[in-house]
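Shown here is one chain on its own, the form predicted alone, set out as structure tokens.
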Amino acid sequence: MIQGIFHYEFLQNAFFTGIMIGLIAPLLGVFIVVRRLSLIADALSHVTLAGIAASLLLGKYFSAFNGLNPIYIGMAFSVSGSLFIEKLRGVYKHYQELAIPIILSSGIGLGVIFISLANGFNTDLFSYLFGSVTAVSRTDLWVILIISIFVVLLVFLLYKELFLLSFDEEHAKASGIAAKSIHFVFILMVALVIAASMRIVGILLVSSLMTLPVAASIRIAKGFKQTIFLSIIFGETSVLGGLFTAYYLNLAPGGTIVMIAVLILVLALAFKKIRHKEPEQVGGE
């Protein structure tokens, strides 16, 4: 694959896109996990699926949509879904977690309807569902680059606010932080990252890339910043390792990336268990 990167544009696109996704997905994933919103990625990914299906359906009946990249309508649906989640969290103040399954169910329902109207699955839709190395275009690469710069810059600028809101929202509000505005910006970033990641990982697996590296890093990290650092390392390892493995073994990249992330998680759990046993062995001696 290394040699192919220098010769084939689609491999260049997949490689550089993978690097960016391996950075921004776990970066936001840390804040998602700490805020106990892990399922939000699943909800928005299914809403994105509805947007992709809608785009492909429109392309079937209207020639004006044939040349439109489905990622744009997918992003629009994802952003809309994120806004509805924030609205519902305000409506159900004492049951805020209800917002996620409501949007998730709505996304699945719309997706199924659009797919049935389009007379079932086609090759394009399968590439969005499970990821595809060859499906990543140069346009996708530039879109994801812009999103990556946007996400990294905002996390850097709003790090203190995001940190306080993640661990103690009441204290953050009392400190004068504009909680609603920060929530809005954060959920918008999550929606964009999910829509951007679907080309490589696939819509049905993108939430794994936002949670599995974080789950592994939490077990061995000694602080919040170290958790972010290790999550990114594990995310990059999963994406790049998955792309190389999928390329050489002719496998679906999304599933390969996720299984490497699972392997890293298992190793992290084993490492933590072994490290806890060592003092006991020394004490027994």
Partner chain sequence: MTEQAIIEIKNLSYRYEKDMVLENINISVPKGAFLAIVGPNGSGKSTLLKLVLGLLKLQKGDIRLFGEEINHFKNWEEIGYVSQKANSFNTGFPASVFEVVASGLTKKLGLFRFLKKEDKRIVMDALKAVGMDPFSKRNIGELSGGQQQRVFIARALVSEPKLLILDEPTVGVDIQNVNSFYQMLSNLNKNHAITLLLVTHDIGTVSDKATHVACLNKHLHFHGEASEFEQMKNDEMSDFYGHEVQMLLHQHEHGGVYK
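Residue numbers count along the first chain shown, from 1. As the structure is a computational prediction, the values presented were derived from the model and not from experiment.
Not on display, but discussed next: the form predicted in complex with its partner chain.
**Student:** Taking its partner chain as it sits in the predicted bound form, is Lys180 near enough to touch it, meaning that at least one heavy atom pair lies within 4.5 angstroms?
**Tutor:** Lys180: no contact with its partner chain in the predicted bound form.
**Student:** Taking its partner chain as it sits in the predicted bound form, is Glu161 near enough to touch it, meaning that at least one heavy atom pair lies within 4.5 angstroms?
**Tutor:** Heavy-atom contact with its partner chain at 4.5 Å: present for Glu161.
**Student:** Please determine whether Thr227 contacts its partner chain in the predicted bound form, using a 4.5 Å cut-off between heavy atoms.
**Tutor:** Because a heavy atom of Thr227 falls inside 4.5 Å of its partner chain in the predicted bound form, the answer is yes.
**Student:** Answer yes if any heavy atom of Leu240 is within 4.5 Å of a heavy atom of its partner chain in the predicted bound form; otherwise answer no.
**Tutor:** No, Leu240 sits far enough from its partner chain in the predicted bound form that none of its heavy atoms falls within 4.5 Å.
**Student:** Just one stretch in 43 to 51, 60 to 68, 245 to 253, 28 to 36 has heavy atoms within 4.5 Å of its partner chain in the predicted bound form, so which one is it?
**Tutor:** That would be 28 to 36.
**Student:** Considering its partner chain in the predicted bound form, which of Ile102, Leu157, Leu83, Ile146 comes within 4.5 Å of it through any heavy atom?
**Tutor:** Going through each option in turn, the one that passes is Leu157.
**Student:** Which residues in 211 to 247 have a heavy atom within 4.5 Å of its partner chain in the predicted bound form?
**Tutor:** Counting only heavy atoms within 4.5 Å of its partner chain in the predicted bound form, the contacting residues of 211 to 247 are Ile218, Ala221, Lys222, Gly223, Phe224, Lys225, Thr227.
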